[in-house]
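Below you will find one chain, with nothing else, as C-alpha cells; this is the form predicted on its own, and questions on how it binds or moves follow later.
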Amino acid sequence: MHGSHATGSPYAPYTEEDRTAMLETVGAEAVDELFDIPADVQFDGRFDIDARTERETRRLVRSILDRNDDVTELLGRGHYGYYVPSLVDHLADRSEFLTSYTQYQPEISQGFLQALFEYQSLLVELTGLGVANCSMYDAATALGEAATLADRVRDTTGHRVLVPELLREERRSTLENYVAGTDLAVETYPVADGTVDLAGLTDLVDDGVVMIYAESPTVRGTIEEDLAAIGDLAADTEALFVLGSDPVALSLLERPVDVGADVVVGDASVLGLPTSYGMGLGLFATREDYLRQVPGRLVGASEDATDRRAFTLTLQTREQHIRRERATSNICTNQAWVALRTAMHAAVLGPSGLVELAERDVQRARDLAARLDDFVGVIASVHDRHHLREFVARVDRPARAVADDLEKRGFAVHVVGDHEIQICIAGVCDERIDEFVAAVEEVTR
C-alpha cells in the first residue's frame, strides 16, 4: 500500500492525486457522479429523528409492532415455522458463538469449528454424498453455485441449464444473475400434476445440457416420484443432476446419492430458525470428486502437535479471499451462526426425532387435505401425489376472496391461482388446524 492515511482509513489509502487520476480515467469530475441515488433518499447530514428516552423509544416500537396482524400462518413455499427448542436459543446466544468472526484462527475456535463440522457431517449422512460445505447464503445462491460448478466440471461445449417451470421466481432470478457473466443459459422444462413431466424433460435433454435441476418436495409440496429416472437421464448425457431439498425432507425420502444426484442444494434453516421471510441457510453437498470445486468454506478434521483431534478451515486456496479471480466462487462469507443453530436443532431431535417430524408432516398434510376435501366447493389436494408439509387446494370461489376472508378469521394462506390456495401445516398446532378447518367451511359455502 502507499499514500497518506491522514484523512482516511488505512484500508483506503489513496491520495488526492490518486483519486483525481482515477476520476479522469472514468470520465467523471467527482466521486458523487459515480452514484445514482434518488434525491429523496439521499442523506443530507441530518436524520430528523426526535430524541427520546429509552422508555419512550420502547413505547414507540411496541406501538408499531402492535399494528401487525395477529394471524396463524399456513404459508410455506420455502418458509416454515417449525418449533425451535429453547435449548437452541440458550446455546447459540452464548457470546462465543454470537460474536464470533470467521474461524480463521483454529487455536481459539475449536468449539465453533467442531459444531460446523458436525453440521457438515449431518448433511453428508442425509444426502449420502461425500462432502458438504459449512453453508451458503440461502437456497437460491446454492442453486446458482451449483450451476457454475456444473459449468466448470462438465466437459462439453453445451451451456444449457434445465429447471422446472414451477421453480420459485426469486430462485430463478438469482440463478439468472449467477449465470449472467457466463455462457450458461437457463431454460425451463414442463411439469405434470405437480411433478416433473418426464417425457417433456426427455425431449429437451441433449448433449448441450450441463445441469438438470429438480426439487423434492416441490414448491407446491409434492414429492417427486421420478428422481431416479431424472438421474439416469442426466447420467446418459453426462449432465450434472442437482436436487433441491431440505434436512427434514431428506430424513424421510430416498437419499439423493441413491437416485443419482451429483449435488444437493436447498434451505437447511427449516431447522434452527423460525420463519424468517428471507434469511436462510443454503445447504450445499456434492460428490467427493468435486471437492476442490466446492464453493464456500469447508471445515476439516486433523490432529494438532500433540496428536489430539483438531478442526480447521481447510482447502482455503479454493476461496475468493486467497485466489481472487481464480477462486471457485465469489462468495466470501456464509451463514455459520445459522448453521450452528441447525446442527443444534438436529442434535436435539436426534435421528429418530427428525424422521418422526417428517412423518408427522406427511400425515398431517394428508389428514388436513382429506378434511377440506369433504367440503362442497373445495378439492384438496389438486395433485394426485404424495405431499410433505403443504398442498394446493382448489376452491370454487375466487381464491383471493377466500384468502381475504380467512385472514379476517385469523389465518394466512397463499393464493397461487385464480381458484387455488396453498396451505402449509408446518409448525401449526392441532387446535389451530381444527379452527382453520372450521374457517374454511365458513368461507367456501
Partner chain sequence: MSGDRPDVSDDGDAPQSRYDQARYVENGEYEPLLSEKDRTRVKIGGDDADTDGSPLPDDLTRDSLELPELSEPELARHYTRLSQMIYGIDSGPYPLGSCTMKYNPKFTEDVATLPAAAVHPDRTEASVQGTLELLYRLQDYLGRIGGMDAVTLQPPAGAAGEFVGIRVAAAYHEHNDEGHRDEVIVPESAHGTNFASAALGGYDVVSLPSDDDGRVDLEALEAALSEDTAALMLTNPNTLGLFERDITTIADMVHEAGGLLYYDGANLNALLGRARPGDMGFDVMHYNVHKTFATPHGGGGPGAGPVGVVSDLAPFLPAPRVRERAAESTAEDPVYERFDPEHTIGKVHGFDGNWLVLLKAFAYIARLGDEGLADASASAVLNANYLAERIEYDVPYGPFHHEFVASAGEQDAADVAKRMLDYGVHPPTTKWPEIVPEALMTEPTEVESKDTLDRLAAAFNAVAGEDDDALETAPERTTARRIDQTTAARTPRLAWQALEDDA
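Numbering follows the first chain given and starts at 1. Everything quoted here is computed from the prediction, not taken from an experiment. Take the two forms, find the largest set of C-alpha atoms that superpose within 1.5 Å, and that set is the rigid core.
In what follows, reference is made to the form predicted in complex with its partner chain, a form of this protein that is not presented.
Checked against its partner chain in the predicted bound form, the residues A150, L250, A285, A234 give one hit for a heavy atom within 4.5 Å, which is L250. A residue is said to contact a partner when one of its heavy atoms sits within 4.5 Å of a partner heavy atom; G350 meets this definition for its partner chain in the predicted bound form.
Its partner chain is not shown here, but in the predicted bound form it comes within 4.5 Å of a heavy atom of M344.
Using a 4.5 angstroms limit between non-hydrogen atoms, D418 is distant from its partner chain in the predicted bound form. Though the partner is left out of this view, G208 does not reach within 4.5 Å of its partner chain in the predicted bound form, counting heavy atoms only. The chain is drawn here without its partner chain; in the predicted bound form, the stretch among 164-172, 370-378, 188-196, 236-244 whose residues come within 4.5 Å of it by any heavy atom is 164-172. In the predicted bound form, the residues of 45-64 lying within 4.5 Å of its partner chain by at least one heavy atom are, in order, R46, F47, D48, I49, D50, A51, R52, T53, E54, T57, R58, L60, V61, R62, I64. A displacement of 2 angstroms or greater separates the C-alpha positions of E17 between the shown form and the other one, with the rigid core held in common. Core-superposed comparison between the shown form and the other one: CA of R59 displaced by 2 Å or more. With a cut-off of 2 Å and the rigid core superposed, A401 has a Cα displacement that falls short of the cut-off between the shown form and the other one.
Note on D183 and V26: their C-alpha atoms are more widely spaced in the predicted bound form, a change of at least 3 Å from this conformation.
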